[in-house]
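One chain comes next, on its own, written out as structure tokens in the form predicted on its own.
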């Protein structure tokens, strides 16, 4: 005899939720038999707002699409505008952009470490990783004046050159993280409870990943090597030596292994960029923002964010504002179609862990 189904609501303020969203769960006992993602508790409609602002004002809205990943959003916007206008970017600025993007990637991994482990009750990791993340935010504050929203990578290059001695401070921070990640391994990946709670849980097989259009660490955790930095390189990624980690199994554990190695690869990239960085200009100055017009045309650019591929389409009608801006990120697929699918048959206790492993970012859904 089947138990009577009960409806439970997880979120929007639950600490295991990656943002203010809610999941409506239909459960029988402690087993999930239905799941529906509910968004609408966040800022929204940025794509439409950008059509009412000039090209530089529109740029400042990009960060709001996903707060933990502001820099890949800036990168996408800058390259889309540059593609439409044909604006060149100085070589030094390209290297600085990659350094910023990889620092941002490492900072986002620190949030993931905390969220993934916090969803399983291992709160020590969150205290460690979020605290360590502040060392990277200190660098961003010195470079851009902001710790979270940077508005640093913008059309034509970057907003300003590196402060004196900045490279040395970045390398010192990377030395710290290289050693610190070993402590993370001991606490997390050698932890019997973490293994038991993640191995065989939240499985996404290769066929399902391809069917849903999964990207990033979730896709690579299925054993599929895919990374825009390698497949369709931008800036100076084609000049750098790094690997794209993969893992087999498609479960939370596999996705964690991928992110573990990607954090180390980011450090490797940052060291190379600093070693290879040329001198010269960092900014091909734009016109007066109030009078700046782009020619008619459109562009589509792809960027590898922490959660996977970001695709940004932008169109210009020759005026001072974008005619259309449209973002394709990982959140809609990962947080709705995929999450609702793989939660069926899962235990209530695993919902937050599964969601954190997918790298969801609700504001991107309500864009």
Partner chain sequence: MQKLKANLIEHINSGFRDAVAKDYPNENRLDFYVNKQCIPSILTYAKDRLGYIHLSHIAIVDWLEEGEFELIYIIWSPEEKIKMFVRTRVERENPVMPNIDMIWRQANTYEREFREMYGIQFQGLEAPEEFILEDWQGPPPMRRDFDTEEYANETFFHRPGREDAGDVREEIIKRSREEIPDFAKKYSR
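Positions refer to the first chain, counted from 1. Here the structure is a predicted model, which means the values were calculated and not measured.
Note that the form predicted in complex with its partner chain isn't included here; everything after this is about it.
*Any chance 213, 232 and 328 all have a heavy atom within 4.5 Å of its partner chain in the model of the complex?*
Yes, all three are in contact.
*One stretch from 292-300, 174-182, 146-154, 239-247 that, in the model of the complex, holds residues within 4.5 Å of its partner chain by heavy atom*: That would be 292-300.
*Can you pick the one in 61, 56, 336, 33 that has a heavy atom within 4.5 Å of its partner chain in the model of the complex?*
Result of the distance check: 336.
*Should residue 361 be counted as a contact of its partner chain in the model of the complex, where contact means heavy atoms within 4.5 Å?*
Contact check for residue 361: no, nothing within 4.5 Å of its partner chain in the model of the complex.
*May I ask you to state whether residue 28 is within 4.5 Å of its partner chain in the model of the complex, using heavy atom distances?*
Taking the distances in the model of the complex, the answer for residue 28 is no, it never comes within 4.5 Å of its partner chain.
*Though only this chain appears here, would residue 342 touch its partner chain in the model of the complex if you measure heavy atom gaps against 4.5 Å?*
Flag for residue 342 set to no.
*Though the partner is not shown here, which residues of 331-367 have a heavy atom within 4.5 Å of its partner chain in the model of the complex?*
Heavy-atom contacts within 4.5 Å come from 332, 333, 336, 337, 365, 366, 367.
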